[in-house]
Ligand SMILES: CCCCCC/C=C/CC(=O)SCCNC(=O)CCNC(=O)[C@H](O)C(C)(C)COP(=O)(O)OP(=O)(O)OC[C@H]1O[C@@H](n2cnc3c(N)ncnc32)[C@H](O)[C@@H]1OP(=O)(O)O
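The data below hold one chain only, encoded as structure tokens and taken in the form predicted on its own.
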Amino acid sequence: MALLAGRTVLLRAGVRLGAEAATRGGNGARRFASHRVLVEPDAAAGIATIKLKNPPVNSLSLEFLTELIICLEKLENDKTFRGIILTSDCPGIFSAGLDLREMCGKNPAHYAEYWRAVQEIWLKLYLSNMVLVAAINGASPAGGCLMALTCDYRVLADNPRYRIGLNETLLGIIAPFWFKDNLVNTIGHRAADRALQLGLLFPPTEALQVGMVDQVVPEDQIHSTALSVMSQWLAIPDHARQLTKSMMRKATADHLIKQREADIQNFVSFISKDSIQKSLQVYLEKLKQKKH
């Protein structure tokens, strides 16, 4: 049932993507958009900029994830493009991470469908043949941090409010093993152990120090820096870089792929617990009160 439902959502999103008007940029490349994802291609440079636009905080809802997966597949299948800059269209926020509304008060089939989409976006980004540069122009907790961690290079805007980290424990939930694996690969075991247990969110200087990001730059230079980094990575022959990337990442990805169904069942079982549902409801209520 969950698989069928997932395909239906993909088809619905696909129809929308096809139906959305596409406009031509100055370089002649088609600029296309779904409701929640904006793609700005630069065919001459072989680069596409993906802007996340699911306001107010780019939370990773099922429909948003589905649209992002379709956009990535389009770009992967178009040999014009060799690199992607991943950034946000929402001021002050890169992505607030998983949409807690998808994980609260729903049925097990929905939880399973949602978690499969979360796994899928991670695998698509982590194993992409293209060069991925994250231009992190806002706060990036939890699932937002996870998306940034999949990229080959991370540039963070130098703003003390823009914190990044896997802060799941603060919500009373735990980061799955593949979130953990990705973080350990990035900042090392001891730093990841501390960061995960305490749910740390690092300001730019500390994020750079611990290795969560590769560069911190003034906010108005973030896109130009991402372009400069991209040109350095694209100077490497694709086949050599792609094979090396696969060699470095395959074991981590396989760890999830081999246990994908079990991971979904673990998530459904965990998120369905009364105690977890209650803590999520309390957190969502707090968020509602903040808005008023």
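Keep in mind the model is a prediction, meaning the values are calculated, not measured. Counting begins at 1, following the sequence as shown.
From this point on, the text means the form predicted in complex with the named molecule, which you will not see here.
### Contact test, all of 46, 164 and 215, partner the named molecule in the predicted bound form, heavy atom 4.5 Å
No: no residue has a heavy atom within 4.5 Å of the partner.
### Which of 49 to 57, 219 to 227, 250 to 258, 62 to 70 lines the interface with the named molecule in the predicted bound form (heavy atom within 4.5 Å)
Stretch 49 to 57 is the one.
### Query
in the predicted bound form, which of the listed residues (117, 75, 139, 157) lies with a heavy atom within 4.5 Å of the named molecule?
The option sitting close enough to the partner is 139.
### Task
Tell me, out of 90, 174, 184, 104, which residue has a non-hydrogen atom within 4.5 angstroms of the named molecule in the predicted bound form.
By the 4.5 Å heavy-atom cutoff, the listed residue in contact is 174.
### residue 179 within 4.5 Å of the named molecule in the predicted bound form, heavy atoms
Answer yes; at least one heavy atom of residue 179 falls within 4.5 Å of the named molecule in the predicted bound form.
### the named molecule contact at residue 113 in the predicted bound form, heavy atom, 4.5 Å
Output for residue 113 is no: heavy atoms all beyond 4.5 Å of the named molecule.
### Query
residue 266 near the named molecule in the predicted bound form, any heavy atom under 4.5 Å?
Within the cut-off, so yes.
### Message
Considering non-hydrogen atoms and a 4.5 Å limit, does the named molecule approach residue 83 in the predicted bound form?
### Response
Although the named molecule is absent here, residue 83 would stay clear of it in the predicted bound form, with no heavy atoms inside 4.5 Å.
### Task
Pull the contact list for 75 to 99: residues with a heavy atom within 4.5 Å of the named molecule in the predicted bound form, in sequence order.
Residues within 4.5 Å: 93, 96, 97, 98, 99.
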